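Only one chain is included here, represented as structure tokens and corresponding to the form predicted alone.
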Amino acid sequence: MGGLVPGLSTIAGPIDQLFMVVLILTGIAFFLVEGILIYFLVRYRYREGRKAKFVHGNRRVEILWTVIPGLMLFGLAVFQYDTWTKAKIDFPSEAVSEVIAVSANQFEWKATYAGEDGKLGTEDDIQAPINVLHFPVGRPIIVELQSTDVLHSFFIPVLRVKQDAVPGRPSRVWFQAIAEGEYELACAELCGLGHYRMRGFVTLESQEKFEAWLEEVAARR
């Protein structure tokens, strides 16, 4: 995509490719439609002595401009199905994944990690500092997402991950990072007056560094 925002997850490449295909098709449609509009504005502009005529329409043209966009949309639906399935439906096994609970509320992110028993929702769970999230690189991450108040959206641009957090309706999203670094977690929904400051700080790191960080956070309890 030209490198404005690097793609650092296994799904980033297919999503970027899909984005470019949609951008090109919609760009062609935009310039075609606007070009025709400009042509008609110039061709049938007001001229002294010319009388307006009522035109009922052209059924053949109407069928064409309905069928062609319909075929384009159907083609995009088929083209994107594999990417959508990989990103939203085919979740990896929890046995090989790091499962993390993330709770959103005005205006902060709270991440909870499993303790020594490897299970969430037990007494040894590890509560990370507010707005701080760490993920190991090279391992599938499953985020159990929920909102405690209003609609939020879990958005990490470099991972091409975006999932709404809906009050009363837990949701899941998964990804696998491929490179280390520090990046931003943003809320991509207007969630109130403090929306602009609902930022989290994401660290992508090796499994060894991730485990060391977890031990450090657990020791503070």
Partner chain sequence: MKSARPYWLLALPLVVVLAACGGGGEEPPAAGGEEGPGSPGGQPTGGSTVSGVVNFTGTAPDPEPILMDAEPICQEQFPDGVFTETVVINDNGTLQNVFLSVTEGLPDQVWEVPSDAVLLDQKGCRYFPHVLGVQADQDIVIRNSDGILHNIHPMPTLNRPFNIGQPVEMDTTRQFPTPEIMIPVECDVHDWMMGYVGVVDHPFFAVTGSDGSFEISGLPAGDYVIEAWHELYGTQTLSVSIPEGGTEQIEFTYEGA
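Positions refer to the first chain, counted from 1. Bear in mind the structure is a predicted one, so any value in this text is a computation, not a measurement.
Quick note: we don't show the form predicted in complex with its partner chain, though the next part is all about it.
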query = Between the options G118, G138, G121, P129, which residue brings a heavy atom to within 4.5 Å of its partner chain in the predicted complex?
reply = P129
remark   = Note: exactly one of E144, E98, E108, D125 sits with a heavy atom within 4.5 Å of its partner chain in the predicted complex, namely E108
key: its partner chain contact at L193 in the predicted complex, heavy atom, 4.5 Å   = yes
